[in-house]
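Take a look at this one chain, the form predicted on its own, written out in structure tokens.
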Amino acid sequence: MRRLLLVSLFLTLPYFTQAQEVVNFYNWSDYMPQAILDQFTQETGIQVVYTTYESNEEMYDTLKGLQSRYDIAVPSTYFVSRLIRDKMIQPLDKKKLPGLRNLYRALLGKSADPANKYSVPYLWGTTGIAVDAKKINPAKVKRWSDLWAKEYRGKILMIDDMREVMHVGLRALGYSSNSLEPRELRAAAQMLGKLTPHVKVWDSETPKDHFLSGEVAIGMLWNGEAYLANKQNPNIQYIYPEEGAVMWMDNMVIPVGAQNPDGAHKLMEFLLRPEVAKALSEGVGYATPNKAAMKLLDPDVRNNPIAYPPEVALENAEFTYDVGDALQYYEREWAKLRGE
């Protein structure tokens, strides 16, 4: 009996491949409908072991110690350049990725990876302010700085992500969210330090759940989470702050030492198929970088300003980029801010 139990436990280990081909996929929480992975397995016979993380920092630290454990990871734009610099991801074989032609040129060639030698756009989106309209009048909330209002104390959610939270403080003060100036970072952290005692929840895994449960009434939220929350409860509304929302793009990469890079390329190519990219976008509520998929989207999704922001909403939005050596200043202020 004990032997059978041990065998059973061994078979459940996430990276045990037996004779079946496996791709180990490391991604954000709630960022991939299981039906898509099931379809890939059905078509190819390749099993996908799906593991999640809550922040780019967590992803980076894990890959640094366990690169060979994962075949695909999905870092945000500014972390792609860091992974390249630290030689933690490998060049792609573009001959195996003909679906790259389906992507918008405007979302290719970003400074993090100018030739897209290492990365393939996965989804893109924004971080703005969510409000429960049943508790707070959305018309009163226009700026990041509104989060500091006394009436919102104890009702606030903040995403537990260093660069995104620092964006809030920096933009509220009129600085770039990619500031390299220690003085500006210190001022932003000091301002945020006046807000954090009144934050009810810090969460970067499933932040929408706290709005849906009524635990919080206002705070930061990714637009895809806001889209899904709004579908369940129309009172959850999404606001693009006048100082500028966070803009980001997540990208598929293959870590150095990946055990199945060929399978990783097959999964990437599968996700580049227009009908699959459509299902992914509609399933998680974030914008697809796939121009062919855009034509297939349900009009309710394509025309939804939460999922696909109008140009005017992005006038002051800013992509988060790698800040190089200045990262130490962000980390120092973040540690003080979070009491670490």
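No experiment lies behind these values; they were computed from the predicted model shown. So that there is no doubt, residue numbering starts at 1 and follows the sequence shown.
Just so it is clear, the following notes concern the form predicted in complex with ligand SPD, a form of the same protein that is not shown.
- Although the partner is absent from the chain shown here, none of Y70, Q90 and D262 has a heavy atom within 4.5 Å of ligand SPD in the predicted complex.
- Only one segment in the set 171 to 179, 75 to 83, 230 to 238, 106 to 114 has any non-hydrogen atom within 4.5 angstroms of ligand SPD in the predicted complex, and it is 75 to 83.
- Though the partner is left out of this view, Y60 does not reach within 4.5 Å of ligand SPD in the predicted complex, counting heavy atoms only.
- None of the heavy atoms of F211 is located within 4.5 Å of ligand SPD in the predicted complex.
- Shown alone here, N290 lies farther than 4.5 Å from ligand SPD in the predicted complex, counting heavy atoms only.
- In the predicted complex, no heavy atom of Y308 sits within 4.5 Å of ligand SPD.
- Contact annotation for 214 to 251: residues with any non-hydrogen atom within 4.5 angstroms of ligand SPD in the predicted complex are W222, E225, W248, D250, listed in sequence order.
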